[in-house]
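Here's a solo chain for you in structure tokens, the form predicted on its own.
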């Protein structure tokens, strides 16, 4: 593997990892778009981190930003593997706890409700393929695994929860399925690494819980990604 590209929504999610590897920012690489690129080399492997960037003073989150960032990264960087690292909600009923790290074993949308025949419904849910070695990596490194479901909102409406639970979803985020959609079109493998900031069934307000736990979850991601990168680059 010669080039691994991380795609991350928020600076706070990526910053501990960027600092861990003393990564250098490449200013203006994606200009005029706000996407930010950081790079370094490890064991003969190029390691890139691409952030969505900001607009109106806040990090760009959600499916739209994730889609165009991923497309630009694939076109300009041509990586061998994309890794979407980020935070997520999870369910206490499934045994999740704050700052737990999961490897995704499946990914779909939970808020694209398209009426019609089975073909339209199948496309709306997505259920995109992930890197074929995701399960073996999780087993070797001792990570939990779970199905990631993606929507464009931080909160979860009753219909969203119904779709998530009906389809076996365990982790809820705002980017993974959009990134998976673009990777599926380009036939580039995708690995999902998620850390829990909030418990969807914990009874707290999602935004308050997310803000309180963002730092802890991001530092958990740093440790997890350090182990993943060591595992992947050690095979070169």
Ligand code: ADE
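Positions refer to the first chain, counted from 1. Bear in mind the structure is a predicted one, so any value in this text is a computation, not a measurement.
Below, we refer to the form predicted in complex with adenine, which is not included among the displayed structures.
With the partner omitted here, the stretch from 185-193, 203-211, 22-30, 39-47 that lies within 4.5 Å of adenine by heavy atoms in the model of the complex is 203-211. Contact between residue 52 and adenine in the model of the complex is not found at the 4.5 Å heavy atom cutoff. In the model of the complex, none of the heavy atoms of residue 60 sits within 4.5 Å of a heavy atom of adenine.
In the model of the complex, residue 89 approaches adenine with a heavy atom inside 4.5 Å.
Proximity of residue 174 to adenine in the model of the complex: non-hydrogen atoms within 4.5 Å are present.
Scanning 71, 154, 141, 99 against adenine in the model of the complex with a 4.5 Å heavy atom cut-off leaves one residue, 154.
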